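There is one chain below, alone, in structure tokens, taken in the form predicted alone.
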């Protein structure tokens, strides 16, 4: 039997650097990983630990940890990172993160994976999962609110779920709308920059992906039958849509506890417009425990707060692919 020292000497840590991830993980694989995690969460097979998110008092940065354990996939670990608003001037993305995976049987460090692209892919996959399970089947117009780095990933993932014929978009800074126009062109879809009233009147599906602390879309702008995927609110105080919209809608989320404390639902709950019991798990729809959309004129909202288990799932998938292709960096540890 091998001694503890001999076992330790053979242990390696897998490193998959940020610049190696692009060719390894597809949008389809990200979607499948996130959908499976949401289902596992609803079954009680996976759970997230409390989120830590703090302003560090330097570089105006927000820094934190998202962590969890998936008993079904044996994914244990955390994502460490946050938001550095000055990074764009340095040629870096404002969101920076790294995923750490641990062996669920021993607790030993298993892998370190670049988390920037994975975060973009898993966030887009989450909204796409909501579109698959909640949007009207005949949805034709995709509305985009926000034109930052993440918006292109959101659009690419969304168009896989419905036969959209047109994309319309709004951004606080109109000069950034070229990102949406270019992405739509890449996908073979026409794009039109519109005001918010027109966006609400025409869009069948609306994705909000901003860092706003004030409601952008108002209740009167949202028509019956719309599906909204609100993906930017992940911190206490942030808000993308009028809380009154949630009162009119059937509300779904990745994790209820996060939704009511730091997600879009925080404002509606605080105002007494909805209760915690009114917020449903998207995983329950995936598993067939909730019917999802009940009528063509029903408004549905997905409050995508972002959970650590999403990051662990896509990171674990990347590690397996990197090992299989022989491009993972293995370091004695």
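Numbering follows the first chain given and starts at 1. What you see is a predicted model; the values in this text were computed from it and never measured. By rigid core we mean the largest C-alpha set that fits within 1.5 Å across both forms.
Below: the form predicted together with a small molecule, not depicted.
Peer 1: Going by heavy atom distances of 4.5 angstroms or less, which of 80, 250, 183, 211 would be at the interface with the small molecule in the predicted complex?
Peer 2: Contact residue from the list: 211.
Peer 1: Counting non-hydrogen atoms within 4.5 angstroms of the small molecule in the predicted complex, say which of 75, 123, 97, 259 makes the cut.
Peer 2: Residue within 4.5 Å of the partner: 123.
Peer 1: Okay, which stretch from 99-107, 136-144, 184-192, 233-241 lines the small molecule in the predicted complex, with non-hydrogen atoms inside 4.5 Å?
Peer 2: The contacting stretch here is 233-241.
Peer 1: Is the small molecule in the predicted complex near all of 132, 169 and 299, within 4.5 Å of a heavy atom of each?
Peer 2: Not one of the three qualifies.
Peer 1: Find out whether any non-hydrogen atom of residue 176 is located within 4.5 angstroms of the small molecule in the predicted complex, and reply yes or no.
Peer 2: Flag for residue 176 set to yes.
Peer 1: Taking the small molecule as it sits in the predicted complex, is residue 114 near enough to touch it, meaning that at least one heavy atom pair lies within 4.5 angstroms?
Peer 2: Output for residue 114 is no: heavy atoms all beyond 4.5 Å of the small molecule.
Peer 1: If we define contact as a non-hydrogen atom of the residue within 4.5 angstroms of the partner, is residue 148 a contact of the small molecule in the predicted complex?
Peer 2: Residue 148 belongs to the contact set for the small molecule.
Peer 1: Find out whether any non-hydrogen atom of residue 159 is located within 4.5 angstroms of the small molecule in the predicted complex, and reply yes or no.
Peer 2: Close contact is absent here: in the predicted complex, residue 159 is far from the small molecule, nothing within 4.5 Å, heavy atoms only.
Peer 1: Is the C-alpha displacement of residue 62 equal to or greater than 2 Å between the shown form and the other one once the rigid core has been superposed?
Peer 2: Superposed on the core, residue 62 moves its C-alpha 2 Å or more between the shown form and the other one.
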